[in-house]
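A single chain, nothing else alongside it, follows as structure tokens in the form predicted alone.
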């Protein structure tokens, strides 16, 4: 029986080569709005139901529609106000269903990375060829509608398979958001041997996890963001850290919740040494400046462990 993911090595946080972000920044901040499309009556998947109640799933569908109709505009206005570009975790079907949202994001030079085609169609049960086709479809759709080369991947509804990272790396991807194991970028082993990394994407700071799973109040979510930042900012003085805030336009952008996020964002950005970046920018900077040193350090530690 396989006892771990075999995607990365154990690598103690306090013994790594030091990271310094551009202009001496100690923390890289990226905001990841999940802009998704949910089908009202998707094809059945035997491994997971899209909706917890029978068709038509009016409540679940309509609140997500609210996000794309209303919530997205609110969130975009907040990020505009603070000069922050989003990194969109995109259900690429949105390119056809709501192209005006894609246009608004592209005008602001937001990044688009793949979150599959629909957030109601999962990787579970797919053959490797089927998953490859889904990944290539999403990459081609982003290129066709935005002119961007897709750098990152987050499996639809986190339905990651044992082939996901191999397939995305083979298609030219740079980074994954599907691993939640670190507060710094880390090399990831893929079968092609291509350079490929994970960049931190936080489930703990994810607004859906906070509001739906943990059932916290908006003011508590805002405090969680501050506390998370304070710790990472302190540790970033020793070696650069990454803070990701994954958001959903039907969660954080509800009228009673948005101020808590905005206040936390203002708190974070008032600190010196914070680099507001996109996922692609973080990945490319790490690849250019730290990837080789990270791999060498990992190899050295493996040799040392072999002697123990």
Partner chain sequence: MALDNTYLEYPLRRYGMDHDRYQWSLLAQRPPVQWPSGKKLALWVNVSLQFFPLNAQGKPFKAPGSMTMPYPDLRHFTLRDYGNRVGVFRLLKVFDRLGIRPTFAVNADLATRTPYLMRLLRERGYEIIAHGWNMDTLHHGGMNPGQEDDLIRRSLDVLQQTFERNITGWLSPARSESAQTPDLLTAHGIRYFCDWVNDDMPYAFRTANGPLVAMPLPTELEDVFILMNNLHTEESYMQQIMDAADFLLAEAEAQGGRMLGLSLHAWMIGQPHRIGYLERALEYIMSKSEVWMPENARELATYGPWAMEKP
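Keep in mind the model is a prediction, meaning the values are calculated, not measured. Numbering follows the first chain given and starts at 1.
Just so it is clear, the following notes concern the form predicted together with the partner chain, a form of the same protein that is not shown.
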Exercise. Specify the contacting stretch among 239-247, 264-272, 278-286, 35-43, defined as having any heavy atom within 4.5 Å of the partner chain in the model of the complex.
Key: 35-43
Quiz prompt | Triplet 54, 99 and 127 all within 4.5 Å of the partner chain in the model of the complex via a heavy atom | solution = yes
Quiz item: Any chance residue 182 has a heavy atom within 4.5 Å of the partner chain in the model of the complex?
Solution: no
Exercise. Using a 4.5 Å heavy atom cut-off, state whether residue 90 contacts the partner chain in the model of the complex.
Key: no
Quiz item: Is there any non-hydrogen atom of residue 215 lying within 4.5 Å of the partner chain in the model of the complex?
Solution: yes
Exercise. State yes or no: in the model of the complex, is some non-hydrogen atom of residue 77 no more than 4.5 angstroms from a non-hydrogen atom of the partner chain?
Key: yes
Quiz item: Just one of 176, 164, 206, 141 has a heavy atom within 4.5 Å of the partner chain in the model of the complex. Which one?
Solution: 141
Quiz prompt | Within 44-76, the residues that have a heavy atom no more than 4.5 Å from the partner chain in the model of the complex | solution = 44, 45, 46, 47, 53, 54, 55, 56, 58, 59, 61, 62, 63, 65, 66, 68, 69, 70, 73, 74
